[in-house]
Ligand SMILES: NC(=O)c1ccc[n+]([C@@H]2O[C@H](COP(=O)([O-])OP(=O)(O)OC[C@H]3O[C@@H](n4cnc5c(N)ncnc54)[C@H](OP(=O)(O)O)[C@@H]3O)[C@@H](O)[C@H]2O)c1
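Only one chain is given next, in structure tokens, and it is the form predicted alone.
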């Protein structure tokens, strides 16, 4: 099969080549990939750490080529959206059936391919903050793929949504159109305490966002794009003055269980137009280097999608 392979002898660190077809385990289905979306983490760290010849990629949409031998998961011919720790940048991938969601026939695979990492991360992080209806939710790093999903899902859940971005003048209109009630330049601009935070930045913003939590509030530490440590000033963790029972929880998507139903639910919402995948770059895999460069230099606000021929 054709695949994008890690190759450090090339200027981009990638080349199109051929590798053997994957052989699925009994609990895996073989998927014919038609689209994949790129994530900052995989291009920022995966390309640095993977050996030459590796096939990277977390997100992929496609069609089941061969159903799992153990009888789990969808049947051959089913449109699906899939998550894995690698293998999405190829014509075929073997995927655990627990990480496969079904999609409506005829749905745009490019839009579906944005669901696994960005959509599931946003959904599960919001679940961790607790009930959303009538609550105040802050999303930091709101212009990225996961941030935009978090803003929209929080709004659909009935929350008052505050989106934090480094450039409110540039992104304010699109964030409000996506569901944000307020757009701020950072957590310290939030006027009233919040019940939950989905933090995609880390560093100083995480510390500031934690300080905005109301009693019983939860901050979910999802992303770390600031590449900074977190230093809390003395008194930040006191529990008096309405600060009792606040918490910070960490998040690691591969440790989550029961992802197939969530993938299916999100895929159907995207196909119905209830969730906008916010695709800001799309092309075939010959243009992968351009998309990766734009991601690494933070020129994309939303998702980059590769259509797999």
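Positions refer to the first chain, counted from 1. Since this is a predicted model, take the numbers as computed values, not measurements.
FYI, the form predicted in complex with this ligand isn't displayed, but the following is about it.
Colleague: Is there a heavy atom of residue 144 no more than 4.5 Å from a heavy atom of this ligand in the model of the complex?
Modeller: Yes, residue 144 is a contact residue.
Colleague: Do residue 76 and this ligand share at least one heavy atom pair within 4.5 Å in the model of the complex?
Modeller: Residue-level check for residue 76: no, no contact with this ligand.
Colleague: Does residue 223 reach this ligand in the model of the complex if we count a contact as any heavy atom within 4.5 Å?
Modeller: Contact with this ligand, yes.
Colleague: Does residue 153 make contact with this ligand in the model of the complex, using a 4.5 Å heavy atom cut-off?
Modeller: Contact with this ligand, no.
Colleague: Specify the contacting stretch among 131 to 139, 223 to 231, 93 to 101, 107 to 115, defined as having any heavy atom within 4.5 Å of this ligand in the model of the complex.
Modeller: Every other range fails; the passing one is 223 to 231.
Colleague: Looking at 193, 203, 166, 172 here, can you tell me which has any non-hydrogen atom within 4.5 angstroms of this ligand in the model of the complex?
Modeller: Comparing distances to this ligand in the model of the complex, the residue within 4.5 Å is 166.
Colleague: May I ask whether 33, 264 and 269 each come within 4.5 Å of this ligand in the model of the complex, counting any non-hydrogen atom?
Modeller: Judged in the model of the complex, none of 33, 264 and 269 sits within 4.5 Å of this ligand.
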